[in-house]
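Only one chain is given next, in structure tokens, and it is the form predicted alone.
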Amino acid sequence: MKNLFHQLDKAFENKIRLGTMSVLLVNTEASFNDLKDLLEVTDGNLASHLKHLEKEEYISVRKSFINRKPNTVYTITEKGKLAFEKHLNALEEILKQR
């Protein structure tokens, strides 16, 4: 069982990053405001966690303007999808050990 804990990704230990990845895994994309509303977090808190996931190359960001208002959209990368699925599989295996 000890080896299973080594398979957990530290990037997903925080509930905001875990929630973000969960949303992006089941949706093609999500805007900053959508994530903020779904996760019920502040702008600054969400932004710092999104930067962490982007730095790990687990998500990608696309910025544009809609009616002169900035719009930021996030998608999960293939690397992020694989890492998150590995993390979820390890959690599942840990729970089966009980």
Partner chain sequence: MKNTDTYLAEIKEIRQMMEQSSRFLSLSGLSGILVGLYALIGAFIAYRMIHFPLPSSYQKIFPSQIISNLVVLGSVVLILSLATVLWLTYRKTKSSGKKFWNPGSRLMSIHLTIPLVSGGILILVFASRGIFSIVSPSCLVFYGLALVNAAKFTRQEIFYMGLIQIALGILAAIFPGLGLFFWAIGFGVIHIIYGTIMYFRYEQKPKSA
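Since the structure is predicted, the reported quantities are computational estimates derived from the model, not experimental observations. Residue numbers count along the first chain shown, from 1.
Although not depicted, the form predicted in complex with the partner chain is the subject of the following passage.
In the predicted complex, none of the heavy atoms of T77 sits within 4.5 Å of a heavy atom of the partner chain.
Using a 4.5 angstroms threshold between heavy atoms, V26 counts as touching the partner chain in the predicted complex.
Remark: L88 counts among the residues lining the partner chain in the predicted complex, judged by a heavy atom distance of 4.5 Å or less.
For the chain shown alone, D34 is a contact residue for the partner chain in the predicted complex, at least one non-hydrogen atom being within 4.5 angstroms. Heavy atoms closer than or equal to 4.5 Å to the partner chain in the predicted complex belong, across 12 to 42, to the residues E13, K15, L18, G19, S22, V23, L25, V26, N27, D34, D37, L38, L39, ordered by sequence position.
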